[in-house]
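Encoded as structure tokens, the following chain is the form predicted on its own, with no partner shown.
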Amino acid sequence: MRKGPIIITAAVALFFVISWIIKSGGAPEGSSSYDAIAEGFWLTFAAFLTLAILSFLYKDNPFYKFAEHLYVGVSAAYWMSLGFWTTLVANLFPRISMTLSEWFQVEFISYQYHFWVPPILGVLLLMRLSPKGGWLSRWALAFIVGTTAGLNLPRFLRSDFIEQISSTMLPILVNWQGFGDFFTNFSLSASGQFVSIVSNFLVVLGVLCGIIYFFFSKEHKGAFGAASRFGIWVLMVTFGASFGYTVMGRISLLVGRLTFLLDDWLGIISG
């Protein structure tokens, strides 16, 4: 067996114990020894998991795999427990069984027999684990997929189609009362009439040119081609802004973890 992994593991364990001891001694005054030891452990463990995840930037390693599997396992357990208490205990049991309601100390509402449908479908889904009864899970899956699609279709039709179209139908001349009023109250503020007119005009023009780019029944030449090329620029700016927003969100998470390491753990920077 190679000694390299053993030495690295021993060094990490030693560093963990040293950090644990130091952080346990730096607990706030008035806290008990048990609280100080527990707080020092969790603080050191959080720093270890952060560094273990960041170690993937070097290469895949057992520390990263441990942190990854721990995160996935804890997340799955948390959401499963949350779903059990908020869905089964809070909503299902008070409507199908007085005994279960008393057992979990929740108020019994009333017998509603149609609430037996979800647990039956859930049992049918678990039949997928049976080699012979796996076909029963298809009925439950088909019902869930069909019902979800039917319920979400109007919602997505309104939010992703109707709302977007209505948001594009903007007035070009915002609060227009003539050129005299326009030049008299001319302002470059973000809420001013001039900026609102330019903003609405660019939105409408960008949407129309973006649609023209996807119109392939006519060759993209002349004015039609120029509008298509402008639509490409609009799409690229939109995709770039979306990508930049995503990157900045990830960077904010990185800054949060680095702040934790340098402030809460190492104490190098002040909070």
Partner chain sequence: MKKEIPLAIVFVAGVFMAVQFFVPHAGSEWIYEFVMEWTIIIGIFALALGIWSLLRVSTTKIKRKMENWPYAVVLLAGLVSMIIFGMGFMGGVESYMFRHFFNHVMIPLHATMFSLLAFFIASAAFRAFKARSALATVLLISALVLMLRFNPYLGPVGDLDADLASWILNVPNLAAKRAIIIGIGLGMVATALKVILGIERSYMGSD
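Numbering follows the first chain given and starts at 1. As the structure is a prediction and not an experimental result, all values here were calculated from the model. So that the term is clear: the rigid core is the largest set of C-alpha atoms that superpose within 1.5 Å between two forms.
One more form of this protein, predicted together with the partner chain, exists but is not displayed; see below.
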**Q.** Partner proximity in the predicted complex: T99 to the partner chain, non-hydrogen atom cutoff 4.5 Å
**A.** no
Q) Is G222 close to the partner chain in the predicted complex, meaning a heavy atom pair under 4.5 Å apart or at it? A) no
(Q) Within 4.5 Å, heavy atoms only: does V17 come near the partner chain in the predicted complex? (A) no
Q.
Please determine whether A226 contacts the partner chain in the predicted complex, using a 4.5 Å cut-off between heavy atoms.
A. no
Q: Heavy atoms within 4.5 Å of the partner chain in the predicted complex is the criterion; list the residues of 247 to 264 that meet it.
A: V247, M248, R250, I251, L253, L254, R257
**Q.** Displaced residue check between this form and the one not shown: W42, CA, 2 Å or over, core reference
**A.** no
Q) Comparing between this form and the one not shown on the rigid core, is the C-alpha shift at A241 2 Å or larger? A) yes
Q. After the core is overlaid between this form and the one not shown, has the C-alpha of Y213 moved by 2 angstroms or more?
A. yes
